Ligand code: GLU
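In structure tokens, the next block holds one chain alone, the form predicted alone.
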């Protein structure tokens, strides 16, 4: 399978912005194992701004654009250094691609992107994608990596998109506020009732929330790609998801003909 895995900031970093070392090491080991099994993997990784916050010693995620961009520039270096080091231990070569929203709306640039991804996968490399937060402005940014990962999935012909976040999946209510909330294991079509279950904006270091995840599911499902929301606190959940086994997650099924 060709699988796009989106890694949220909450999976990679503590609320301080510093790297969650044990979890990130386990994530890289699991992804390396999936590649060894023959799967083609593309990572869409958040965390540049969050890790820049930690590296620069800032007290919280900045609110102004120039400081966000500065934090992203510092954090992206730290992020790729970490991935290069950890994946290198399992003999996998990483490649960095930074994108803006414009890259998906210009035919030549989109073709260049898909050509590059295709060749990297042919050569056995592991593409790691992020939004180019250091230069992206309101007019050209995608805005969140849930949506970015959906664009990547549909434009690279992925079979599956997995969003690793800080929640097990889509619930019938907010599980933090309602002890009777239950996990919805499968969704066939994004209805108004499903949209009504979306909550807030996510963690203090990230930009995502359930609304962006449901939008990502719509983008993928319309193009025949399944999508899964799972908790990145246990990266080994990727084994069950890719094998089609039962896992603690929500799977959004694309419509199938016939």
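Residue numbers count along the first chain shown, from 1. The shown structure was predicted, so the numbers you read here are calculated from the model rather than taken from an experiment.
Omitted here: the form predicted in complex with this ligand. The next part is about that form.
Undergrad: Just one of 182-190, 108-116, 127-135, 82-90 has heavy atoms within 4.5 Å of this ligand in the predicted complex; which?
TA: Only one stretch qualifies here: 127-135.
Undergrad: Check whether residue 145 has any heavy atom within 4.5 Å of a heavy atom of this ligand in the predicted complex, and answer yes or no.
TA: Taking the distances in the predicted complex, the answer for residue 145 is yes, it comes within 4.5 Å of this ligand.
Undergrad: Would residue 232 count as touching this ligand in the predicted complex under a 4.5 Å heavy atom rule?
TA: Output for residue 232 is no: heavy atoms all beyond 4.5 Å of this ligand.
Undergrad: Even though the partner isn't displayed, in the predicted complex is residue 48 close enough to this ligand, meaning a heavy atom within 4.5 Å?
TA: Yes, residue 48 is a contact residue.
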